[in-house]
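Below you'll find only one chain, the form predicted alone, shown as C-alpha cells.
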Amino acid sequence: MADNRVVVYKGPGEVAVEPIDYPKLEVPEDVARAMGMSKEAPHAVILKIVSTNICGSDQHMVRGRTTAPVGQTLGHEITGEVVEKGNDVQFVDIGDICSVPFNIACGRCRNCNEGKTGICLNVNPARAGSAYGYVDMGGWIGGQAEYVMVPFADFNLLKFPDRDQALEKILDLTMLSDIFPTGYHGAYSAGVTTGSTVYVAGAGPVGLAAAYSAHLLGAAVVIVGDLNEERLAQARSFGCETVNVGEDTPLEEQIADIVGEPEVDCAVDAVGFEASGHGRGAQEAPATVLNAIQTVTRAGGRLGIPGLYVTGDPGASDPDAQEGTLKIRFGLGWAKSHVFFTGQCPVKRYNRGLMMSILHDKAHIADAVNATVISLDDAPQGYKDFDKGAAKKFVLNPHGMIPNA
C-alpha cells in the first residue's frame, strides 16, 4: 500500500499528485545493473520533505519540451529531515535537517574527486550527471513528494547546524538545493567581481538568483533583461536595473542608456533553450540569448550559461534545434576572445558558503525570488501559474513544517 505521494508528469501542460510507495534504501534497478553496484544502499537515507520547490527546469518537461515520458516523477529541489538511515551512514543522524544538492553524486569517481559533482560518472547509465525526478537522469524518484531517498548521504547532504534556526530561515535555505548555487555559479563563472557591470538574461528564479549573486560578488551595476514586466519589477525590488527585450529598441542601446556604453563586463544566460527573439512580436528563437550575450559583452569578457540546453526537444521549431543544434554566432565570441562556462552547477562547490551567508543574515534570497509557499496538493496550480509567468518561486510544504506558511 502506498504511503507516500509525489508530483507526476501526465502529459504536456498537466501534472498530478499521485500515491507512490514509501521509499526504500535502494538505488534504481537500471543504475545498479549498469554501474555494477549493489541495489541495496546502506549509504542512503530517507528524508521527510520539509520543503521542495518548483523549478523552471521542471517546467520544460511539463510543457512537453523534453523527451520525458508520461509518468515521470518530478522535483529536484529538496530540503528534508532524516527519518531513516542505512548502516553505512556515519555523519548524518535521525532528526537532522539537510539540504540536498540536485546533483546526485557518488563521491567516489574521478569527477566527484575533482569537485565536478554535476557530472558524476557512477549514477546515470545514460550520461555523466544525474538528478532527482528528471528525464534521462538515471531514474531516481523525484522530491516533490512527502518522502524521498537520498543516496551517498554522507557525501551529498548539507546538514544545517541548528534545527530551530534552520526552520526559521527555511525559505532562504530551501534555495540551496539548486537556484541559489546555480545563480551564483552563473555569476561567478562569468567573472563577476568588485565593480563589474553585468547583464543577466532572464528574470525567472534562476536569473533573479544570478542577479542577487552578482550583487553579493560586488558588481557595480546589474542589468536584468526579460519580456515579463512583473518579473522585471521583482528584479528592481533588490536594486537591479532592467531592460525589456520585447521592445524594439536594441538591447545594446538600452544597456548604453544605463552604463554609458553598449557593452558590459560579463553576462549570464539564465533563459536556456526556450528563448524568444527580441523585439515586438518575436517568435521563439533558441539561440537568441546566446547570441545577445556575446553581442553585449566586451572583448575579453566571460559568459556564464546556467540556463538549460537539451539534446532532445520535440517541440522545437526546426529539426536542428530538436537535437540541440543551434545557430550560434561562435565567430563573434571567438573574435572577442570570450570564455564560455556551461553545464549543470556543481552545487556542493557553493552550498555551504551560501548557507553561512543565509544563517548570518548576509543573504536573503527568498525575498529576491519572491518565495511563495503552497501545499503539495496545490502543485498542479503552481505549475500553471508559473507557466503563465508569475514572478514567484513556488515552495511546496508537504508536511506543514514551514513556520508561518
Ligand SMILES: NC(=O)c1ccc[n+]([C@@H]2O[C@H](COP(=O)([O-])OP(=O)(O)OC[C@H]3O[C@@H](n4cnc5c(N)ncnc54)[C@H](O)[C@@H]3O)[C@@H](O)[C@H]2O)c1
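Please read these numbers as outputs of a predicted model, since none were measured by experiment. So that there is no doubt, residue numbering starts at 1 and follows the sequence shown.
If you look for the form predicted together with the ligand, you will not find it shown, but the lines that follow are about it.
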item: Contacting member of Cys98, Cys112, Val245, Ile170, with respect to the ligand in the predicted bound form [4.5 Å, heavy atom]; value: Val245
item: Position in contact with the ligand when the complex is considered in the predicted bound form, options Val135, Val89, Leu157, Leu308, heavy atoms within 4.5 Å; value: Leu308
item: Ser276: touches the ligand in the predicted bound form, heavy atom cutoff 4.5 angstroms; value: yes
item: Touches the ligand in the predicted bound form: Val289 (any heavy atom, 4.5 Å); value: yes
item: Contact test in the predicted bound form: Pro380 vs the ligand, heavy atoms, 4.5 Å; value: no
item: 4.5 Å heavy atom contact, Leu354 and the ligand in the predicted bound form; value: no
item: Residue stretch of 23 to 31, 359 to 367, 339 to 347, 41 to 49 approaching the ligand in the predicted bound form, non-hydrogen atom distance within 4.5 Å; value: 339 to 347
item: Contact set, 33 to 69 vs the ligand in the predicted bound form - heavy atom within 4.5 angstroms; value: Cys55, Gly56, Ser57, His60, Arg63
